[in-house]
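The form predicted alone is given below as one chain in structure tokens.
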């Protein structure tokens, strides 16, 4: 079968790889000059089944209202984004009720755990290295109330086989000595031993190379500008390089998937949520962190990636705007300097890579995989903050579905017709 994949980020590349392995003729169309140069490029770097809960947890509506206009807020709703978000936002809030929230959390946890296993298989099979670490994730808390809430959430993941260990303040420091300078601010933590981390861009680049060995064609610097629809399916893709025709089509364009699907009267409940990151050189700092650390109060994380640190976080509703807010960047510099005061002597702001990406977020916080109302159009998008965590498993599931193979997970909870 001939298959066209639109998008060469994490989800497009993994889907292409597995379809190529299954013997299909695969063409990937990507507007950038290489794979993973947009949202997948400098994300948080964490592969965290432990953090598979949606962002719209109970009480989020009040917090969003309270945080409006606050540049230091972990979630920021900009005034010019309110109107475009109305319909989606109502569903987002409706899914923040406890029953729906917990159901969606379980869906994500199951997919995330499956995906981590697939990623491990890929790494072993191809001897891939992407500044990966399998030391787990440490989440730190500054007060007992938030720690207890975190433990309660973690207990909900036990059915998905996600392990966790509560830590007191001293145990946190034993696990990560780099936090010693801020020991007075840490009440305790939760350690998730099965989590991993790594450079998503490097992974995509290496996996795309493996896909090419399997015959997948990557066509870069080509914009997909439209879909042609006839007889209940897609009949062709219009691009800046002409028209492409295939038997099946996969939409894996992140937040932009919704804009393209709208052309063929398919509504995808996806909104872009801007996230920020800094990539910093260690510059000889020998006693830096060895494990990813999440500060729940800041909704931000510091992740070691070889000789670099990735500082990532924030969530900003500002439409498709990809401008970098200097105040948000300054906030992230303050965050890493506060968390690791010793790093201040080694930190070179001038060489820092400042980056933003648009996370494709569904109104229920669960990705969109599989079939659409058009018989040959498939989805692999809407993963929000969990794209890196869920990419390998999502690519395998969608490829198996297209190839009419039995999928390892029931894909129906992730399909569009759930709405």
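Here the structure is a predicted model, which means the values were calculated and not measured. Residue numbers count along the first chain shown, from 1.
Same protein, other form: the form predicted together with a small molecule, not shown, and the subject of what follows.
By the 4.5 Å heavy atom rule, the three marked residues 44, 256 and 386 all count as contacting the small molecule in the predicted bound form. Think of it this way: in the predicted bound form, the small molecule has a heavy atom of just one of 393, 357, 367, 54 within 4.5 Å, and the residue is 357. Proximity to the small molecule in the predicted bound form, taken as a non-hydrogen atom within 4.5 angstroms, holds for one residue of 223, 149, 348, 342, which is 223. Among heavy atoms of residue 376, none comes within 4.5 Å of the small molecule in the predicted bound form. Within this chain, residue 371 is remote from the site of the small molecule in the predicted bound form, having no heavy atom within 4.5 Å. Mapping the unseen interface onto this chain, residue 276 counts among the residues with a heavy atom inside 4.5 Å of the small molecule in the predicted bound form. Heavy atoms of residue 302 never reach within 4.5 Å of the small molecule in the predicted bound form, leaving it off the interface.
Picking from 85-93, 103-111, 312-320, 157-165 the stretch near the small molecule in the predicted bound form, with a 4.5 Å limit on heavy atoms, gives 312-320.
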